[in-house]
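Only one chain is given next, in structure tokens, and it is the form predicted on its own.
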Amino acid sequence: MYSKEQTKKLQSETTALIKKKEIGAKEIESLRDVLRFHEHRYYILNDPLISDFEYDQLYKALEKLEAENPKLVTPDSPTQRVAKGLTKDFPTVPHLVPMLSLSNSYNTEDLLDFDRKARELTDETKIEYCVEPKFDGASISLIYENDLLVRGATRGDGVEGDEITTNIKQIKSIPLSAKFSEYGLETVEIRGEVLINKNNFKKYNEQLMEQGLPPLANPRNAAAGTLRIKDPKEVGKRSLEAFVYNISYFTTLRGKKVSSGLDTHSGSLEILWELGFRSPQQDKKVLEGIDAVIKHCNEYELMRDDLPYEIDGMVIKVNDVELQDKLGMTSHHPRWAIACKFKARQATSKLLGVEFQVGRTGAVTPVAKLEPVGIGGVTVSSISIHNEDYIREKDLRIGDQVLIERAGDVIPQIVKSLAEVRNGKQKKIVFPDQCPVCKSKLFKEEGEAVWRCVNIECPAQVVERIIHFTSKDAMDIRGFGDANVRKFFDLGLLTDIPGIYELDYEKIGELEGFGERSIGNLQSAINNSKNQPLNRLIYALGIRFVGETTAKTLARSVKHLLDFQNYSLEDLQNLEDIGPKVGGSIYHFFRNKDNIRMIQQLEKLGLKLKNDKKEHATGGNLAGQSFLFTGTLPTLKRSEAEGMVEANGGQILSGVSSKLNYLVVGEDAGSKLEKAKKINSIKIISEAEFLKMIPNT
């Protein structure tokens, strides 16, 4: 256990070592101490103080120093063993074969060196490799005896792990039994990774935020944390999935011949796939020579953000098991495998200050200003820290060192502050009680975590409402981006939404960057937006809780937009898929005199407020039927499929309820599918079945 003083000292040494361009032999003991400390934080406390990339760089520096100075190697060096120690929440069990780490590569030179050593040790001129994604989740070990799953465990320290069999059985992608006996096997140990699909992770975070709770930083932490939940039923609700990627150990059945597929790593993946496991079978690539491997890794990194799961690199394995045995392993990693890591998505930085920004609904959002740091190929200097409760939960302070992460297209998040290394100069973040723009008193609704400025004339809100109104999914006024809205507003050329249609183009022409052609394009885009259908206008008005689907429901329900002035709260809740919260927001919007005045002004300026029945087919094959889509469809984009429904008289709902007729399910369907299964009246169909309902497809 490390004291506060030791923690501060070692973290300070860590920062100094990370910043050094070259670490010398005289610092080797300090480097070992730092690595042992961070192993304790990671494996014991599950509370790392540096990113994986920063740890890997320090580890590689120690490896290099010890290779250059073999006499300086000590038996307790982090390079000589897997990090020790486990939490005691679950029983500890030994792995049949140690779960070693992989040697990591961040550049082409490392891969070429790995290949050179492999060829030298095996006397091969060219080696066949199996390359597969390196899933970024929680490592597990599974044991099957006589075709039955008998144990599941975490990686732990690599020699022993936490026994979590009951929780493992909640993961539906892990078979409770598998016919290993058909391949001549009796006892089998398998390695795998537990993950949360990106979509399911996003939905889970949305649920947390709806409850006023801070979102989780990344799918990996969510998966690892879920495996340690003591209530198996709760584990089952988290939509965990598992990929298995290696048969690490097996014994054979007496009198049975072992399958020849086990002679290669790719063959073992095929066997696991055939037995019903999710293995990288469909994503693996068997390649001759390291040059082909490097090319494939570079190409795969470009696909990273389009994958349904988080990956942080590729794993390269010598495919021939006989050659693997010949190469052997060190105490830390196998010599026949290496991880080609992608660009880092975690880093540490300093929290320099906090700015408070006001959105179109008046929500005041604190934004952390950081020392610029590169993560995943981009430089991050600003991160939303959500609300006052989030700041307290994370215990963030100005001057803190913070661990930040950026994964895929997920907005960067602060994982945590490094409170252990504070020096007393850090300052608490004080949330304002007045709007930072108009100085109106802030208000927080009961049950919400967000403070709001309730002054509808607040300049910050006005600008954000105009930006939303002109956006692609709303009125789609091209050439009228955020920057132009802000510029026109600051110059007094635009003061409200109706002002978009009353711009002084002569004055705009006097501005730098606005020539005759650009002004003509802008004017044309603004005039064309007057013909947008009613549902787009409703969405563009920015009514709180009203998304694109609800806007379509509202547009179908009236002959004229201002008819909603006469709708009671009960009338609104009788509409398809509108509950008390959404109905209340719509009701109050159309009781506000300023909103009514704005809508009347827009009609005078030529915008369409009447429901054009031609836009909403009342006949057709799908008349009177409601649809919802979930998961990734094989051939159609979600917007295309929804357009087909509406063109044929059907309706799109925003959620699963007894009012839903059809749920169309694609790949990686999440909670909507599980909820729909519990309602007998809902028909669950595939894209192919859906297309059969559409004429001429």
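All of these numbers come straight from a predicted model, not from anything done at the bench. Throughout, we count residues from 1 along the sequence that is shown.
Although not depicted, the form predicted together with a small molecule is the subject of the following passage.
In the model of the complex, the small molecule sits beyond 4.5 Å of every heavy atom of Y539.
Proximity of V315 to the small molecule in the model of the complex falls within the 4.5 Å heavy atom cutoff. Interface residue remark: R155 is counted as part of the site for the small molecule in the model of the complex, having a heavy atom within 4.5 Å.
Contact between F135 and the small molecule in the model of the complex is found at the 4.5 Å heavy atom cutoff. Across the options 108 to 116, 227 to 235, 94 to 102, 519 to 527, residues that bring heavy atoms within 4.5 Å of the small molecule in the model of the complex belong to 94 to 102. The single contact residue among Q346, N246, N319, N455, judged by any heavy atom lying within 4.5 Å of the small molecule in the model of the complex, is N246. Of the residues E405, D400, E193, D162, just one reaches the small molecule in the model of the complex with a heavy atom at 4.5 Å or closer; this is E193.
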